[in-house]
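Okay, here we've got a single chain as structure tokens, the form predicted alone, with questions on binding and movement later.
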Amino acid sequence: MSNRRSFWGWGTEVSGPTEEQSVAIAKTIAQRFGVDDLELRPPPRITDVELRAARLTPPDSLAARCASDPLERAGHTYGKSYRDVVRGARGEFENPPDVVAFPESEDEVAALLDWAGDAGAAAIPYGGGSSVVGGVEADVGDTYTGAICIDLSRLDAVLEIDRASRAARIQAGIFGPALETALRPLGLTLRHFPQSFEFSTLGGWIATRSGGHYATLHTHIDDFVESMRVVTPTGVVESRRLPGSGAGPSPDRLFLGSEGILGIITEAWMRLQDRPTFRASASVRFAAASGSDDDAFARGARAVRVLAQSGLFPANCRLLDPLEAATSGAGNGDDAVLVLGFESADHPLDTKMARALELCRDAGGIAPDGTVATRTDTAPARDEAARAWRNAFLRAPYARDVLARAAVISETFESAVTWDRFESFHADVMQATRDAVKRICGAGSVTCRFTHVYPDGAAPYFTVLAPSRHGSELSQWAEIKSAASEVLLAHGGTITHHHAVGRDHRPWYDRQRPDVFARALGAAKAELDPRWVMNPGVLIPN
């Protein structure tokens, strides 16, 4: 095995669990749900994958930037949703892109879009391929002559840094670690760390309105975009670089979250921050008054609401329900756990943390007394619960590959809802999803945590684990996802807070999105992409 990217699963071929560890994971899940040992099927080999013949041939002027070999085509067929990983693990690549292109300049991006339009082919922008909602799948139907996947990974430079304004002009294909490495010598950081950070790009974050590191205040990539350049099939759109403007609707807002249907983001000026040197971290436990896991989580949620409305703006404010906390090693399985953290490049944080813990105690939380973990060097300060949760968070995508090979359903879905609706929303979503899991799979678990919180509401993130059967997991997954999505929408939540819409969420997004806005978005697409070649099937009907 090499350190190249996995063509079917998460990360690189050598970074996931060993086969021995994979077997242990499957046994643990089988014991947890009281089923016989799960069959762990071997991972696929690219030499065994059969792809349909490529239907497109690039023009000579672009041929040097294009590839049609099986490894590139298979590796660019899917994102990284559960459905994607299951199909990849089976070696099923029914709709691979016909050509994978790697432009090295904006002019080449424009030339690729011209070729797609002239050839009647679909053009699918591709960043790191970490979409969990079917956002990059090359399933474009019979309307198109083929599909061209446009991989932006060679547009990966930090082009210019304005230290005085604390901003940088950055190409869209840069991956998270490379971006932070480039900024570090100047003491700067974008500080946007989604779970996919290692294998996702700036352009992908912007196109999907990614949620990042901060649990409060700067929760989405939107907050860091100062201006951007987008290559559309009819020309380049570049917004003016400004700290703020009231000059009509923001051009940037049109492309934030556009998921590649309007054009390809090639670069952006991004607001940066000084790297934090002061950090404080603590965990708070919330016991259940009635002995119910959901009651413990509800008590913690009430404390989080007070924190979110206090103006303290913690960088980390992740509330884990008892089972979520126990699974990650951050709790004992009886209490909900709040992982709380502050950071600053300017000032000590003892006072903020002390006040936050005081608010948590007032709300019934069991918080540490005495000294607060505060650091003034470059190493993060985390208590043991925070460290355990973070490690589990980063390992989760690799473990999911193992679960897909073992026919275990592993699905996450997230939403956001206002505080006045939250308790009934959480109770009803948990109940409906648990009922669906039990009815469809016979056993399983549903857990919840907060990823981001606001003064007016929270973003709950749900995880489903359930034993399935080889050959049935995708139909069972679809039933569970549909049941969960229906209750999210029915109780006033959004179908997605930060995972984007893609193809998987389209049926519910179509109902959430105002009809007049849908027509306006379609009109914008018709103007920018008159031949409708850009990422068909996402956001709006083609």
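In this text, all values refer to a predicted model and were calculated from it rather than measured experimentally. The numbering used is simple: start at 1 and walk along the sequence shown.
Below, we turn to the form predicted in complex with a small molecule, even though it does not appear here.
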Region of this chain that lies against the small molecule in the predicted bound form, out of 298-306, 273-281, 430-438, 208-216 [heavy atom, 4.5 Å]: 208-216
Contact of residue 127 with the small molecule in the predicted bound form (heavy atom, 4.5 Å): yes
4.5 angstroms heavy atom contact with the small molecule in the predicted bound form for residue 189: no
The small molecule contact at residue 203 in the predicted bound form, heavy atom, 4.5 Å: yes
Partner contact for residue 131 in the predicted bound form: the small molecule, 4.5 angstroms, heavy atom: yes
Answer option from 83, 426, 400, 285, heavy atom within 4.5 Å of the small molecule in the predicted bound form: 400
Residue (of 136, 336, 339, 147) lying close to the small molecule in the predicted bound form, criterion heavy atoms within 4.5 Å: 136
